[in-house]
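Heads up, the chain below is alone and in the form predicted on its own; it's given as structure tokens.
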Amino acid sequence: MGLIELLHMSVFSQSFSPCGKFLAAGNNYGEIALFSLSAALGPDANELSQKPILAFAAHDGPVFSLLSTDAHLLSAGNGEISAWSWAELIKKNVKAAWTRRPNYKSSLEIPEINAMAINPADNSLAVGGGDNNVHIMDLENGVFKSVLQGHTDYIHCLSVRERAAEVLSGGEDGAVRIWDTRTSQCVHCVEVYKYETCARPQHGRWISCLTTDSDWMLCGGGPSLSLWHLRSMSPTSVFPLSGCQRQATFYQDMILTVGEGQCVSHCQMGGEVKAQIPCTPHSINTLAINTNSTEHRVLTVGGSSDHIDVFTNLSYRAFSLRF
């Protein structure tokens, strides 16, 4: 890859291997790179240890979403999802185990896929993107079994509430929709931008990040990042962060969030911003925490750069992996 391509690279997605020893990252050129965390974190680590052990062209368009199952790395490109065997990738064998396309209305339609989420309860995959719908695929047989329709613009993000049998979707239309996976019906629609405490008309109404933990939901984008109680359907905390947030996660007793701005923000549940830790990319798209291995437990952050920052301690960047 040339210097110009590296200069204009954006990392959109990340996923750790089931064993926790490897990190996969997807970029705007449709490539997936595989990094060895064992090598990068080892006592003999050097500059070469921070480069990919494997990089390959996976899709025609950007890889906006990556997920891992027990055996496969799932990647989303323009209008398609591919599965790659982790065992084969680690051996540097690049061949998709399968590729599936949601049932789009037209064969000419190739909408981007922005988000995927696995529902372990029924071993299904929720897929959302440019056709404004959430498609549900049975991971056992690879068949798309239902379509959740209701958004009026494209979908940016998805989250699964396993215990409640619900999928949540956030879109460009400013709505967070809560779907009952048993009936495929929308049971709640929260238009976040209509709440005065959350609204930021200058940034728009779109919802770009969404995550849940039990009865709690985090969402933001155009509106401020806010914490909602899903039983009362009301915001309990609004976080005073200036930029649009692209990914947020619950971690221990706090919230980690990234987006516009060169930092990872550490927030408390009550709404206070506790710390902002500097990063390499000027704008950040993806944040991931490796919970699959205690030995390789790291936070990794990617965005408008060919660098992926690695935090062995949440309070500072240890080093960067590089495409």
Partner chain sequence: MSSEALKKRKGKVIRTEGGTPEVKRGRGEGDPQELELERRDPEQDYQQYKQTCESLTTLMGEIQELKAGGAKEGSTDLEKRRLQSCIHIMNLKKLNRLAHIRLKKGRDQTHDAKQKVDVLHLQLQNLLYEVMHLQKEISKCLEFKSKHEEIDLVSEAEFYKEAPEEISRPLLTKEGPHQLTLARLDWELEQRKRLAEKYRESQTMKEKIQKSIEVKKEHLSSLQPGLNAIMQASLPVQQYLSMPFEQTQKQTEVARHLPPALYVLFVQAKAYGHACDKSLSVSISGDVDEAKALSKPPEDSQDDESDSDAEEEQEKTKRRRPTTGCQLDDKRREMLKRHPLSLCLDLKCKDGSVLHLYFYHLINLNILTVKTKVSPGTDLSTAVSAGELLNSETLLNCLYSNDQGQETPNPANRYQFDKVGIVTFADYVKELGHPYVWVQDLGGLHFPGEAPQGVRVGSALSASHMEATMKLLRGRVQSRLALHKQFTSLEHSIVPISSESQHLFPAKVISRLARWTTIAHQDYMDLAFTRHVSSAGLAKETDLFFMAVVERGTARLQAAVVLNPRYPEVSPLFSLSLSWKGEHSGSTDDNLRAMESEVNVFKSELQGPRPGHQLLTNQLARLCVCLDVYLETDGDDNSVEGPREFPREKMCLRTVRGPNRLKPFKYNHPQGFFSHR
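Numbering follows the first chain given and starts at 1. Computed from a predicted model, the values in this text were never measured in an experiment.
The protein also exists as the form predicted in complex with its partner chain; that form is not presented, and the subsequent description refers to it.
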Original post:
Where does its partner chain sit in the predicted complex: which of 59-67, 36-44, 290-298, 270-278, heavy atoms within 4.5 Å?
Top reply: 59-67
**OP:** Counting non-hydrogen atoms within 4.5 angstroms of its partner chain in the predicted complex, say which of E172, E80, E191, E166 makes the cut.
**Re:** E172
Original post:
Given that its partner chain is left out here, which of P235, G243, G130, G150 has a heavy atom within 4.5 Å of it in the predicted complex?
Top reply: G130
Original post:
F12: heavy atom within 4.5 Å of its partner chain in the predicted complex?
Top reply: yes
Original post:
Any chance S17 has a heavy atom within 4.5 Å of its partner chain in the predicted complex?
Top reply: no
Subject >> Contact test in the predicted complex: N27 vs its partner chain, heavy atoms, 4.5 Å >> reply: no
Original post:
Quick one: does P111 come within 4.5 Å of its partner chain in the predicted complex, counting heavy atoms only?
Top reply: yes
**OP:** Kindly indicate whether F22, D213 and R317 are, all three, within 4.5 angstroms of its partner chain in the predicted complex, using heavy atoms.
**Re:** no
Original post:
Along 258-280, which positions have a non-hydrogen atom within 4.5 Å of its partner chain in the predicted complex?
Top reply: none
